[in-house]
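In structure tokens, one chain follows: the form predicted alone.
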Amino acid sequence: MTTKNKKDDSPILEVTNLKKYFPIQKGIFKKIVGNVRAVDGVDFSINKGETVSLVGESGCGKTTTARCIMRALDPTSGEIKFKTKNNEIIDLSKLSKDEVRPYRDDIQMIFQDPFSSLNPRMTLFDIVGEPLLVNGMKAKKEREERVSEIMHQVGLRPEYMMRFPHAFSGGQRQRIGIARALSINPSLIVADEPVSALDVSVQAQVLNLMMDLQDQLNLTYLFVSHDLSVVSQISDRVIVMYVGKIVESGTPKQIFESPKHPYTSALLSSVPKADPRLRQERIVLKGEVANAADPPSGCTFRTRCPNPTDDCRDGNIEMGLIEVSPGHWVDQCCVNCG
């Protein structure tokens, strides 16, 4: 892996008390009888040039958080403050779809599936060049030069630009997806499980490419993944989510070497060791995952906690994150349960 450049301390993205509830409708008149709390009060920031990873099991809310930031989903409440290339600070959560559009060249997304995320009827030139066309680059010759340049940056031959997606392998298709995201020079890239659909050997190539591009172009990444071995390689900070809430955050060293939350410890115990001679003690959490439509009273994690107390159930302990060491934050209720 390449060595990362020194990070800027100024935040490019600040998310405050972000919530996304999906209404539960019932009956012929579609009466709202409740809400699924997919994201329930999330706070974090990302500094310029940094890679922050959101991790957790399926259904924890990490992808919904990313899609709210992209405004692919409208947040229920909260703030999403973003610093543009012109150093203008805007709250994306308050903007309409049309008002968000001028800022699309600042924030782009790399999707999980390199097969379904590319239009099979469009050539590589059309796919990568479309954002340029939408953002005002009308001259075809100029777009061809830019597409050729970005293809070279992502490791694809420019003479392939008139081919269709079916002519490329999975790894090459993901490189096309990366090229499309980079074509209009964004400052923040939201990567939603960008290597989970690829073979392990290809994963390493794509991760190396993303880190090289980050150094070359001063990019900032929000990296969504369930693969902790990948997260440990690419991240500057790791945020662990459980049922719509953040339960622990810190540097990879803090999270991987000294986890404080029992959920984080259980996740780490499921990661296979590279050396088969090393025995791994698997931590299996008992109980049921909390229902996001009907969360339990008190601590959300108490239904699976190995050491629950009456205070956990009754909510007598103040909820929220507490800093246990510089930059290492853990859910207050579970700080002594890890």
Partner chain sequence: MSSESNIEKVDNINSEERVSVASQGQLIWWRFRKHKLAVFSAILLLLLYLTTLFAEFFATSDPLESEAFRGLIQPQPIHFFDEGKLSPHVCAMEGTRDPYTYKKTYKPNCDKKTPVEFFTKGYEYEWLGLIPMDRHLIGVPEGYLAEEHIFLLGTDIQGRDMWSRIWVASRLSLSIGLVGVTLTLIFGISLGGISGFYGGFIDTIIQRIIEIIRAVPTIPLWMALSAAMPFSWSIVQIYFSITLIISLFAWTDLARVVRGRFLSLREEDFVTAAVLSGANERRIIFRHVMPSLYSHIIAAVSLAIPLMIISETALSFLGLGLQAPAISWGTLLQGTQNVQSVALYKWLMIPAFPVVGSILLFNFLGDGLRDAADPYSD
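Note that the coordinates shown come from a computational prediction; the quantities given were computed from them, not determined experimentally. Positions refer to the first chain, counted from 1.
The next section is about a form of this same protein that is not shown, the form predicted together with the partner chain.
A.B. asks: Pick from Ile80, Leu209, Met137, Leu182: which has a non-hydrogen atom within 4.5 Å of the partner chain in the predicted complex?
C.D. replies: Of the listed residues, the single hit is Leu209.
A.B. asks: To verify the annotation, which of these, Val247, Met109, Val147, Val243, has a non-hydrogen atom within 4.5 Å of the partner chain in the predicted complex?
C.D. replies: Spelling it out, the residue with a heavy atom inside the cut-off is Met109.
A.B. asks: Do all of Arg67, Gln172 and Arg175 end up near the partner chain in the predicted complex, with near meaning a heavy atom within 4.5 Å?
C.D. replies: Each of the three qualifies.
A.B. asks: Give a yes or no for Leu133: in the predicted complex, does one of its heavy atoms lie within 4.5 Å of a heavy atom belonging to the partner chain?
C.D. replies: Leu133: contacts the partner chain in the predicted complex.
A.B. asks: Using heavy atoms and a 4.5 Å limit, would one call Gln153 a contact residue for the partner chain in the predicted complex?
C.D. replies: Close contact exists here: in the predicted complex, Gln153 approaches the partner chain to within 4.5 Å, heavy atoms only.
A.B. asks: Look up in the predicted complex whether Leu188 has a non-hydrogen atom within 4.5 angstroms of the partner chain, and give yes or no.
C.D. replies: No - in the predicted complex, heavy atoms of Leu188 and the partner chain never come within 4.5 Å of each other.
A.B. asks: Taking the partner chain as it sits in the predicted complex, is Arg157 near enough to touch it, meaning that at least one heavy atom pair lies within 4.5 angstroms?
C.D. replies: Arg157 belongs to the contact set for the partner chain.
A.B. asks: Within 116-139, which residues come within 4.5 Å of the partner chain in the predicted complex, counting heavy atoms only?
C.D. replies: In sequence order, Ser116, Ser117, Leu118, Asn119, Pro120, Arg121, Met122, Asp126, Glu130, Pro131, Leu133, Val134, Asn135 come within 4.5 Å of the partner.
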